[in-house]
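First, one chain by itself in structure tokens, the form predicted alone.
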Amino acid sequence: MTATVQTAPGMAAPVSKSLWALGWQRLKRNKVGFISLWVVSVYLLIALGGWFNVVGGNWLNEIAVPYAPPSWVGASGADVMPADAYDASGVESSAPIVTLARQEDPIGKELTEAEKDAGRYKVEEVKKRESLPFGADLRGRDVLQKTLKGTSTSIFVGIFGAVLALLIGTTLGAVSGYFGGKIDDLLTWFYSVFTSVPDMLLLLSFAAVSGRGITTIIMVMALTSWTGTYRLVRAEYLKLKSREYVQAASAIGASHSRRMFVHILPNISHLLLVQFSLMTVALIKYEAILSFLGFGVGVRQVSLGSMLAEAPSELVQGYWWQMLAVTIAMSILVTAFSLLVDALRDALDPKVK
């Protein structure tokens, strides 16, 4: 509870608001930033639902004919082949079918014996749908369900990768900026080694060694994306470690860790929030690049990047709806996140009145 100072009977002095309260007021006044916040919140709900298979949990089900067109386009929007025009691997088959009489068939006798028990193992055939709200892919899977699940995967990869990168960069930057001296020299040299290699080359090198999978790609991106946070936190600690409140904490016997993470760190938390948002956007795009190049999620997993990897072969054949779905989902996500980052930077800037 915040106390008020009585200046006169029945009169109260205005209560000073914290940086976060002022930032929230500024963000609400920024219409573009506030709308972006709601859009990002919807995406986060989709990601949470996808994580628990509430959203997009049935994306693996083959419910339609291969490359079924979107319902709002119809069959005229693409040359859709019937299901029996594809072989077992999903590849279009144009070879003529040769039939043999049972007595001419080398395994005719075995087939006759097997047909006696065919009724016991008969499986009711499910009719495949000819169209879906946003079409189907090569195996007849719903593109809309697939996009929702892929969006969830990409968001979680970006968020968890950004959290780990933020922890690494904040810890190293705090130690380097607070203690200085040889520790600062050593960590700055380590930082310089990482930044001397282009980001994408370093990311591809780690990914090629580590293999595929969601956990692997999160670790790879965290280990290669901490440098920006390190530079920011180190500079802030160099500036704030000599402030009066830190010296007062030292005078009353506060330990180094308490001064670092209780007294100094909360004063740069608004900068870390903006840095986290920036890294989340960057890592979502990095995931798409890695999955497109074959270094991303596993074969039985889906992300926006893995869907983009399927797009070139589909576009050559005239099947454009999966590419359209991924483009819409990723464009809205990245644009909303970027606008929200700009709004947060303005709202949490102490210099803005």
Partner chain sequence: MSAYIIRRILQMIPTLFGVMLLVFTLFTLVGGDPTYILAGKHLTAEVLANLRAQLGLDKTLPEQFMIFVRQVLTLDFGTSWSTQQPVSDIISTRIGPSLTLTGSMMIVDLLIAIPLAAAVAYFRGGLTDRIVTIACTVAMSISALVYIIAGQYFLAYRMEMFPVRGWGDSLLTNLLVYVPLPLLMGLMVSLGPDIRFYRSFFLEEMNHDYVRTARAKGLSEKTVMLKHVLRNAMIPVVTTVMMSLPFLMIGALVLESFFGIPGMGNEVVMAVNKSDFPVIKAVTIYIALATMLFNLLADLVYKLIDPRVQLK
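Predicted model, so just to flag it, every value in this text is computed and none were measured. Residue numbers count along the first chain shown, from 1.
The same protein also has a form predicted in complex with its partner chain, omitted here; what follows describes it.
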Legend entry - Contact at Ala208, Leu315 and Met323 by its partner chain in the predicted bound form, all three, heavy atom at most 4.5 Å: yes
Inset, instruction - Let me know the one among Ile63, Ile289, Ala47, Val39 whose heavy atoms come within 4.5 Å of its partner chain in the predicted bound form, would you? - result: Ile289
Inset, instruction - Report the residue, out of Ser71, Ser257, Ser192, Thr215, that has at least one non-hydrogen atom within 4.5 angstroms of its partner chain in the predicted bound form. - result: Ser192
Legend entry - Non-hydrogen atom contact Val54 with its partner chain in the predicted bound form at 4.5 angstroms: no
Inset, instruction - Check whether Leu293 has any heavy atom within 4.5 Å of a heavy atom of its partner chain in the predicted bound form, and answer yes or no. - result: yes
Inset, instruction - Indicate whether its partner chain has at least one heavy atom within 4.5 Å of a heavy atom of Pro198 in the predicted bound form. - result: yes
Legend entry - Close approach of Leu202 to its partner chain in the predicted bound form, 4.5 Å, heavy atom: yes
Legend entry - in the predicted bound form, segment of 140 to 148, 127 to 135, 169 to 177, 184 to 192 with a heavy atom within 4.5 Å of its partner chain: 184 to 192
Inset, instruction - Enumerate the residues of 297 to 312 that have a non-hydrogen atom within 4.5 Å of its partner chain in the predicted bound form, in sequence order, or give none. - result: Leu308, Ala311, Pro312
